[in-house]
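The chain below stands alone and is given in structure tokens; this is the form predicted alone.
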Amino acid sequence: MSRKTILHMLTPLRQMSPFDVNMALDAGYDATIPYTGVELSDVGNLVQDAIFSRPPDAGVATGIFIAGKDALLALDMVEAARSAMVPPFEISVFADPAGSFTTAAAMVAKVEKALAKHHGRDLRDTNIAIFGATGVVGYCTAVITAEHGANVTLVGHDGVERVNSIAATIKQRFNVTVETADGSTEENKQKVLAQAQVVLAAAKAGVQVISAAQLGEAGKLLVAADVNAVPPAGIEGVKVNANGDPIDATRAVALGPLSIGNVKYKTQAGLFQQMIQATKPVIFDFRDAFTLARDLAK
């Protein structure tokens, strides 16, 4: 007997994102049910209600999606969901708070492709500076790139206190080391850019963090990527549809938010489809998103 595919969508926020609901339904789920205001302590009970309401062979037809805007909380919720499983009663879990896990995966996958295509190298030993590093996308890009051998620097627009704290949590949770830098002044930003081979802009939408003049003086720059689609661009001069376009007065190429977003969209849809098509329950976070995004990036 074929069973309905059901996705229970959990968020600590007051509302579930319509974007995620649409994505899940378009990917093929028969039903999506939002749960709002969910706390970490609620996850275990919700998961067990879901697993015990259907026989074990329906586990692959039941999913949990974890939303919100906090990467660490989402990862903690994934672990709480995993711990609540009682084999053979298990279901699939996918976390993508504010779309950040799939956005970060897409951004890094596009950068990796651009490095290989235009400069004949990969992420290993590449100096990467992340602006907007205190946000969820910045956090995930830092972990992904550091895990693949890059020399990563988190740039703090308000000093180093917050990025130092983030670097410490990355070390503790993932056992990878990232550096930090003060980006609170234009002079400090220029010092970071002077050493950067890849610049990732993941700052708040509509905020320019790097000027065209600063980019032109970044002598080692190979790739500049920006996920901000709201004017002004996070990196001045990077067009929204840039896909390996040359940057004036440099040997670098640009990646804009639409080319990154196209891979992000396909990655999120693809992971939902993998959940639906799986023969046994799966658990996905941003590292799984990166695995898929690498196959999708062009």
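Don't overthink the numbering: it's just position in the shown sequence, from 1. No experiment lies behind these values; they were computed from the predicted model shown.
Heads up, the form predicted together with a small molecule isn't pictured, but that's what we're talking about next.
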Which of these residues, N151, Q197, T180, T134, gets a heavy atom within 4.5 Å of the small molecule in the predicted complex? T134
One residue of R54, R251, K239, K69 in contact with the small molecule, assessed in the predicted complex (non-hydrogen atom, 4.5 angstroms): K69
Does the trio R121, T145 and R287 actually contact the small molecule in the predicted complex, every residue with a heavy atom within 4.5 Å? no
Do A203 and the small molecule share at least one heavy atom pair within 4.5 Å in the predicted complex? yes
Taking the shortest heavy atom distance, is T126 within 4.5 Å of the small molecule in the predicted complex? no
Please tell me whether any heavy atom belonging to V93 falls inside 4.5 Å of a heavy atom of the small molecule, as the geometry stands in the predicted complex. no
Using a 4.5 Å heavy atom cut-off, state whether Q214 contacts the small molecule in the predicted complex. no
Which of 34 to 42, 259 to 267, 56 to 64, 242 to 250 sits within 4.5 Å of the small molecule in the predicted complex, heavy atom basis: 259 to 267
